[in-house]
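This document starts with one chain, in the form predicted on its own, laid out as structure tokens.
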Amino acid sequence: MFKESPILENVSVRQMHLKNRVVVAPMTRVSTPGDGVPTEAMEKYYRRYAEGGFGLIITEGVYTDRFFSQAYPNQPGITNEQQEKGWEKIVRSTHEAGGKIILQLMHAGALSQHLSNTRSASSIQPLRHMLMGYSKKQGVYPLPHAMNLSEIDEVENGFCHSAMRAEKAGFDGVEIHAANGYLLDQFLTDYTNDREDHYGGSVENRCRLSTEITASIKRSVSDDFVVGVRVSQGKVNDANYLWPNGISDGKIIFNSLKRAGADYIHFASEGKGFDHGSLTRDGESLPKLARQLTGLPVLANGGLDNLSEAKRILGEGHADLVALGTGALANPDWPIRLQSKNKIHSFNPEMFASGVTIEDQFKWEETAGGIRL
């Protein structure tokens, strides 16, 4: 066993025992035929990470209700029995290959590129433009309607019922997506939430929806079913955003998630490296704060397929696990490569030259020899 760092040492998240500290980060792949039902290609895609030695796999974000949650046209969901059964096949295959797998639950809110009639915390125009490659819809996001309390209840019910379906499908847990500018982050963020009720105003109120969902899911699933929460400063439409009050905001958010029953916190860095997304304006580490305040396992990401950076993040106490995105795409056997001291490949953006679906990736691999297992 490679012993230069704790990366390949085992770790536990509650009763979930992982063979190493390397996680496949959630990545949007929009690979269903439009019905939200997972495909055989998706089964192959996730199983390959388990075969490649990753301690934990977190799926792409799945939509949680048929009202306003879907972000992209071919995004998978877990809102009906057919979708649930599709995920059940993926879970079974992943477990057979020795992996652990968590389903990420997501509501797009104002950042939907599937709907024209969207909902958010407030009726505020989202910044910037829609993501290229994920939808034929492009340009500015539609102006959302502010959610009323009944619609907020629908959101909470959607997350809760989806979590129960995930447990029934055999997942090891779920991750609540409260990051990256999607709905729960729209409630949390100061400039996208001008509500005057108990979901607006103070940081405690603005993170209320995330904590209510966390607590509701914890009450509805088995005690050994893991419930994590993903948070971030940056967003897909505002990568440079930082929490206005830095450590002060972090203390409120992290303690609130702990009290709600979260089993881990996944602190995401949006595309520009760990330091860019995880540090405050004063250079203080929010993931490290989350570990110190809550005692919960913390996942970090942001260029951590770079071995020296991953060692630093673990060694300095910023996180307990490292989540890889493009590094995992380029090296679906990254942990095995690390253990064997084999070359770790750099991500080639040409992988997505023809599209971002799993099928597009597999075609590129066949023609370009892009993945060398």
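Don't overthink the numbering: it's just position in the shown sequence, from 1. Everything quoted here is computed from the prediction, not taken from an experiment.
The following text describes the form predicted together with a small molecule, which does not appear among the structures shown.
Annotated contact segment (heavy atom within 4.5 Å of the small molecule in the model of the complex): 26 to 34, selected among 333 to 341, 312 to 320, 47 to 55, 26 to 34. A residue is said to contact a partner when one of its heavy atoms sits within 4.5 Å of a partner heavy atom; residue 302 meets this definition for the small molecule in the model of the complex. Contact annotation: residue 352 falls within 4.5 Å of the small molecule in the model of the complex, judged by heavy atom distances. In the model of the complex, the small molecule sits within 4.5 Å of a heavy atom of residue 60. Although the partner is absent here, residue 186 lies well away from the small molecule in the model of the complex, with no heavy atom inside 4.5 Å.
Proximity to the small molecule in the model of the complex, defined as a heavy atom within 4.5 Å, holds among 225, 134, 243, 199 only for 134. Checking 112, 269, 214, 162 for any heavy atom within 4.5 Å of the small molecule in the model of the complex turns up a single hit: 269.
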